[in-house]
Each structure stands twice: as C-alpha cells, then as structure tokens.
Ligand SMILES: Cc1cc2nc3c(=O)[nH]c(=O)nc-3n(C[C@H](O)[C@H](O)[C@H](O)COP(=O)(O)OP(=O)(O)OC[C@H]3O[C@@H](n4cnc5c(N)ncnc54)[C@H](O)[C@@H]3O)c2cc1C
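One chain comes next, on its own, written out as structure tokens in the form predicted alone.
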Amino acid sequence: MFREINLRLPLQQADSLTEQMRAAARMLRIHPKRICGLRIIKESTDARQRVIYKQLRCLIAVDEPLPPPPPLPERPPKLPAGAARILIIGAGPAGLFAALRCLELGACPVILERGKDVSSRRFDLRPINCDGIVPTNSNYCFGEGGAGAFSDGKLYTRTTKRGDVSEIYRYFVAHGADPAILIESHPHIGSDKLPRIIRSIRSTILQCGGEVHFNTRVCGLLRSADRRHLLGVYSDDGREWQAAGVILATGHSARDVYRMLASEHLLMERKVFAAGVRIEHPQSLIDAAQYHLRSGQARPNSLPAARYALATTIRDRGVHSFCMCPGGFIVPAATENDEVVVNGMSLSRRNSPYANSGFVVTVTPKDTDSLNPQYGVLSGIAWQKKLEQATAIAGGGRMKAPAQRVPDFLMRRESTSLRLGNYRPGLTPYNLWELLPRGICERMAEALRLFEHHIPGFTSGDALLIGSETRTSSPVRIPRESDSLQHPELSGLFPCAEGAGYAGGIISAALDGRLCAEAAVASIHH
C-alpha cells in the first residue's frame, strides 16, 4: 500500500529519517516496522510561529517497497535526415525548452539568438558593472539563457495551466541541476550554476540534430505573396531563414522586435505591467523578522536566507514585491546605454549580506494614453523607456542608479548619505518623488507603512530604494489563437512566453515554449 501524507516536524527533527518514520507511523496508526520506505515529495519551512517547522509531503510505502521515483527525461533520438525545420527566435528558457520539445516530436529546431553563448556572455557583464557600458546584444537581458541566466535562476511559479511544472524541474536535473529542486517549495539554481546547465541543454540540442546560431539578430519577416503566411525571417547579416513554423520567444526587452512587428502592421495589444524600484535591506533584518530571532541572534545554519512576498491593493492598483532575492545582488539590466534599469539576482548559496526585491505598482494602458498618439500600441514601451532615460540622468551616468533611504522617501526628502549596498556601478542620492510618477510614489509610500506591520524594520534607515525597476513584464501582448497558438493574422507565427505576454519567469516561459513547439509541429501535419 502507498500513501501520500503531510508531516509537520520541528526544524531540529525534520531531517531525521527516524523521526519522519515515527511521525508517519503515528499518523497512519500503524507500527513503524510496517513502513518499508519514505520519500519526500515536497518540503517547505513554516516560520509563522516562534517554533520553526518543516512541512513535508511524503510518499509512504506500507508492507511493500517504495516504487522508483519518476525517471528523468532521456535524450531524444537523433533526428532523421530531412526533418521539418522550426525556427525559434531567442535562446531563453522558452526557446531552449521549445527546442527540446521539437526534438522529441521529430522536428529540427533552429535557434537564432541575437546575443552570445552563455560562457562568452559572462565577460560582457564586466563592462556593464565596472565601466557603465552596455554591449547592446550581450548583457543581463540578451544572450543564451535569456534574462534568467544572470538574474537569479529562481524556478518558483504559481502557474499550473500550461503543464506539469515538475517535468521542467526534471529536465534541469537531467542536465546537471541539484536534485533538491525536485522537492523544494521555492527551488533555486543560482546564477553561478545555471550557465553550466544551459550549456548542457545546448549540447543536447546540437547532438540530437538541432541548430543554434549566436550573434544572429532577426530584423525582418519573410511572408507569402498574400502576406497571410510566415515563411521565415531575415537576420541582420543579410541571411534568409526559412522553416515550417516560427516560434517567437524573444523576451520582454527585445523592443526592436515589437517595432518590427508594428512596421509589418501585425496586430498587437497594450497590456498591464508594473514599475517601481528595487528595495534592499540587510539580510539579517529580514532573517530576524521572518525567523523571530532575538536581537543579535544569527540565523541557524539549517535555515536558508529568509525571503518574503508582500502584496496589497491601494486605490485599485496592485503594489507588490517582485522577484525577491534573499542573500542577493542588485544588477544593472539596461539594454541600451542611455537608460538605467535595475534587477535582482542571487548565487546558489544566497550568502550576500543583503536581500532585495522589486517593489512595484501596477501600470495600466490608461497611464500611457498620453503617448498613444505618437507611439500607438507601443506607448507602454515608450513610457518605460522615458522613465529609464530619466533614471539614467538622475543617477549621473555610467549606470549609476538614483537611490533614497526609505525614511527619507516617506518624508519626501533627498537622502544626505547612502550606505554602500552591493549595486556595483554605484548609487547617487536622489529624491525619487522627482523621478517616478506621483501615483506610483504615493502608493509605494502607503504600502511601505503597511508592510512595516508584516516585517518590522522594513521602513528602517537601513532600507534603500533604488531606481528604476521597469522590466517586470512586457507592456505588449502579441495575440495568438487559443487552439493553434498562431498569430490570428499571420499563420506560421507562434508568439511565445514573456515577450508575447504569456509567461512570467523561467518555469512558465519553459512550459509555454513546449506548448508552442507542440503547436508548431502539429501545424506541419495539419
């Protein structure tokens, strides 16, 4: 007999198999010797009270051995000669997982990536951090692995509608990730380990017969004579790429792609996004609040760096934390040299002395209406860009970011001094009320006072606001039909994941990439 049960054990006992078996036997009201095996399926930490517990979802085998765990995905067979080709624009999580799914279905994925491979891309982060110079096709957003490769590698998602989340985790483990991600409630790989896994996925794609082309930026569409069917694309080096379908998986920062689609008069839609700042605290402050530590008490080694998720609604707009990075860093995520954009990342150990999170407010299409006469459907992108350019001016150049201590923000005054923090290009004292739209600042101020009740010290003088966090999601949705996943005006084009407005993070993008691959291959045989 096999049973799935939930156990709740004090932290000091939770990692002991003996204690787990005893607790399981008590719950099932059987003798412990009848339990022949116990496997943890999911685990999380419950720190809501002063006694910290671990919640364990377990598979229990009674009177018979445990079955083997679900197998890891096997490498697809090598493609036969003449396999149908599917173009995949972008080598982020959506593009890479779309390619793996194409191989499983017998189609040849051809990935076109504007940036460099993930190993070469790492060297292009230095001029951004140290010199304030952005290589425009190879940076924190562009290149193999996408924005997630060097901005944390968090694998947590709430999505369930696109497919089996655990299947994506198993693919990561099959390509070298720690098997612990299969059971953690908030799995995380880290930007130091993710590049090796990305290289392994690329190796699978190539060895099975797929293609990956770096430094290849798509700049035009190859359409049929009646302009209703997509035959392929042009790249900026003059090459023409033809295929049976094109999966557009370019991410939310490829603004030139949106402009290209607009020039082709393809239907796009404005959508809601969010903007604000990064908020940074000493990690010890977050640990103390979340783990109920006494003054000066260090976090136990058995506990991870504490995290939080905060959200509220103020005057019909959401205000929430976003992409929280315990033990993390704030990084410059601009894609052009006339803008400043901040994002967060963590290494696998999450051992930085600081925690940071996006702290953002909902922005609706109505907020960008003033730009609509000039920019049309791209008015949200123009709104982002104007704020990013203003942020660059406020920072003083070379990717320096404007910043303000939280108490000063609440008093609407510029900070006279700032602690160093870990944003490497540097911080410039600035009154963010003079940078961000008034409606965003007012809601942020109200939310800060509210969040102080949830996390004591959240508004203390050790907390910094750093501008500007603008790339939470795309302000544009590229529509697709619900059944075929093709653009309603251009068959053969499969808008995909974050850049098309259908995902938000590594896992949801990977799942959407697989769905689009299935739809693209199905369209060949339709």
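Here the structure is a predicted model, which means the values were calculated and not measured. Numbers for residues come from their place in the sequence shown, where the first is 1.
Omitted here: the form predicted in complex with the named molecule. The next part is about that form.
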* Look at the stretches 85-93, 449-457, 69-77, 380-388 and give the one with heavy atoms within 4.5 Å of the named molecule in the model of the complex. => 85-93
* Asked: Pick from A394, V363, A147, L230: which has a non-hydrogen atom within 4.5 Å of the named molecule in the model of the complex?
  -> A147
* Which pick from V331, A306, L427, M444 sits with a heavy atom within 4.5 Å of the named molecule in the model of the complex? -> V331
* Look up in the model of the complex whether R317 has a non-hydrogen atom within 4.5 angstroms of the named molecule, and give yes or no. => no
* Distance check, Q290 to the named molecule in the model of the complex, heavy atom within 4.5 Å -> no
* **Close approach of R217 to the named molecule in the model of the complex, 4.5 Å, heavy atom** => yes
* Give a yes or no for R114: in the model of the complex, does one of its heavy atoms lie within 4.5 Å of a heavy atom belonging to the named molecule? => yes
* Structure fact -> Looking in the model of the complex, the residues of 340-360 with a heavy atom no more than 4.5 Å from the named molecule, listed in order, are N343, G344
